Each structure stands twice: as C-alpha cells, then as structure tokens.
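The chain below stands alone and is given in structure tokens; this is the form predicted alone.
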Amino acid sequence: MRAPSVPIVHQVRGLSDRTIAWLFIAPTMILLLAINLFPLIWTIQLSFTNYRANRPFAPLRNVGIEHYQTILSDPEIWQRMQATAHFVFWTILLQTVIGFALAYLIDRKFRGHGFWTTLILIPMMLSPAVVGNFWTFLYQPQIGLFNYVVSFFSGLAPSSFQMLGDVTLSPWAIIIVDTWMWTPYVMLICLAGLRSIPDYIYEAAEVDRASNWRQFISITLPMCLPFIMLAVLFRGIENFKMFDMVNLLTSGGPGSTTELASITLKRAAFEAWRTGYSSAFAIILFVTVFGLANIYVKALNKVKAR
C-alpha cells in the first residue's frame, strides 16, 4: 500500500530557521558566484594561450607564462603603470583633502547648508559620458569657459594653451575632471564620519578648555580617520581601473601621455585582438589591485581597532 504524501507545508515547518534561510539565499549566491568566478577562471585559462577573439576557430596553442614575461619586461607597460599611479595618487589626494574640508564645513550646519550639500552632490549624479563631453567643451581653447577663467586670473591669452592637447597639461586635465566629479562622494563618507562623533566628547573637551584646533587634532581627525581611509580605498580601486572618463577626454593622448593601464588593456583586447595577452594583463592588474587593497584593509582594521 502506498504511504500518504506529506504536505510541503509540514515539510517546511520541520526545517530549522537556518536551513530555510539557506534555501532562500543559496540560488542568489550560486548565481553571483557563477557570474564572478566563471569569467575569472576563463580569463586565467586564456592568459596561457594564444587565443584571439576575432579568430575563435584558429588552432589553440599553450604558450605558458610567455604573455606574463612579455608584459612585465615591456618598458611601455611600466610607463602606462606610472601614468596610472600618477593619476591615482593626485586624484585621491585632492579628493580626500577637498572632500574632508567640504564635509567639515557642512557639518557646521550653517544657514542653507542643505541647499549647498545638494548643489555639491550634483557632479556625482551625472553620467561619465555626460561629464566627459561637458568638460571636453569647457576645455576648448577658443570657446571653452575654462581657458577664459584661467586667463582672467593669470593674464594669459585663452588660446595660448590647450588642456587636452598639451603633453604637460593633459594629465592634469583628467585629474581636475575626476576630482570635480567624485569629491562629493568622499565628502559624503567623511560627513558620515563627522556626524558619528558623539557630542559629549566635544563638551568634555570644552570643559577642559581645549581650543578648536586641539579638538580638531585630538578628536575630529582621529575619530574620522577610518572613514577617510575607507573613502581612499574605494576611490583608489575605482581610479586604478578608470577608463570611460579618460577615453572620452583624451583617448590616451596626446601621444600616450594619458594612456592609463585600462586604455592599454582595451587596445590590446579589442583593437589588436590579442585576447590571450590582454587576459594576462588583466590578471596582473587584478592581482596588483587585490594585493594593495588587502594590505590597505589590514592597515584600516588596525586603525579601527585603536
């Protein structure tokens, strides 16, 4: 005789809360792991081959670590990495200093601080494509507003310099645009850190007759430091792989002055169709970012544990 089936409701009721939670979470986790792990494993596999995406049916040959040796011994690649490091360093420095200064001013809660906060956040809300085209127009030597502003304060003729066409000025042109766009992001994180400091600490400092400068050095800066370091981490990772903004403004020019590692990777992958070579380069960049971020996170945890 066939045993009566147990209703699904009773089966679910017999499971623990932990098991039910895993039943809901497992499909999403499996999907996310597949989306993230499969491209990474495939990229690692392609980095050891001569595969070309425009010749998918060509004979596949294993080249070992040849691509890695070629990349690490190529002086042009090191120049691109230096250009990337220059861009990352100055954007992080300017965004951190200006972002924290703006957060400190807005935290004073002066009249109209809500309006000015909203106004400052506007660049961060815009699309990189819009920002790139907007600043390309501003940088035009004949009709661009930027050159006329510089001319007003310096006395130089507006057409005497080109921000996007000069070898010396073009790296600073993209640094200015990225700083303008993403300083509000750093400001928000720093503002969250400032708002998290309890008022009673400042009240105790005032009882001890500590000056405003002493309060800033001894209370504000140390307690906001983890938030500042977190903002530096996020912006450092994003700027290391910066592509769209630089591609829209200069496309790596003039010459190769602003050609960052991401631009070189794109050209190797989708212009020269050296898929195996570009996969190896992508893995090198991934290991570099992952390693530096891991070291930085350990330093951040030490600061938070103080």
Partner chain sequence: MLAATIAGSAALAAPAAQAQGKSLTLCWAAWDPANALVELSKDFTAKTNIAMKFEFVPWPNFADRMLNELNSKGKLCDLIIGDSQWIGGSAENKHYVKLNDFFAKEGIKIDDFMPATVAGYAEWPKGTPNYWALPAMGDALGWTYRKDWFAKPALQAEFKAKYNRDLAAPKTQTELKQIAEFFQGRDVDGKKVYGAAIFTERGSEGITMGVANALYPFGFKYQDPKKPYAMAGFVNSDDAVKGLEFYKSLYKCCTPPGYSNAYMQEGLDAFKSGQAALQMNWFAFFPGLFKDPNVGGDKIGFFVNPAEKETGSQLGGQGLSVVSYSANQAEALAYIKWFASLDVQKKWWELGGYTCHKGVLNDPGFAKSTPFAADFLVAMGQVVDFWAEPSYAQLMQAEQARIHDYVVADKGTAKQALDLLIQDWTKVFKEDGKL
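As the structure is a computational prediction, the values presented were derived from the model and not from experiment. Residue numbers count along the first chain shown, from 1.
This next part talks about the form predicted together with the partner chain, which is not shown.
Undergrad: Although the partner isn't part of this model, could you tell me whether residue 79 comes within 4.5 Å of the partner chain in the predicted complex, counting any heavy atom of the residue?
TA: Heavy-atom contact with the partner chain at 4.5 Å: present for residue 79.
Undergrad: Check residue 236 for me: does it contact the partner chain in the predicted complex (non-hydrogen atoms, 4.5 angstroms)?
TA: Output for residue 236 is no: heavy atoms all beyond 4.5 Å of the partner chain.
Undergrad: Do residue 123 and the partner chain come within 4.5 Å of each other in the predicted complex, heavy atoms counted?
TA: No, no contact at 4.5 Å.
Undergrad: Is residue 140 close enough to the partner chain in the predicted complex to count, meaning some heavy atom within 4.5 Å?
TA: It does: once the partner chain is placed as it appears in the predicted complex, residue 140 has a heavy atom within 4.5 Å of it.
Undergrad: Quick one: of 59, 64, 27, 255, which gets a non-hydrogen atom within 4.5 angstroms of the partner chain in the predicted complex?
TA: Of the listed residues, the single hit is 255.
Undergrad: Heavy atom within 4.5 Å of the partner chain in the predicted complex: which of 198, 165, 114, 222 fits that? Just give me the one.
TA: Partner contact (heavy atom, 4.5 Å) among the options: 165.
Undergrad: Is the partner chain in the predicted complex near all of 91, 102 and 241, within 4.5 Å of a heavy atom of each?
TA: The answer is no; none of 91, 102 and 241 reaches the partner chain.
Undergrad: 214 to 222, 114 to 122, 179 to 187, 71 to 79: which one contacts the partner chain in the predicted complex at 4.5 Å, heavy atom to heavy atom?
TA: Selected range: 71 to 79.
Undergrad: Going by the partner chain in the predicted complex, which residues of 38 to 59 come within 4.5 Å of it through any heavy atom?
TA: 52, 53, 54, 55, 56, 57, in sequence order.
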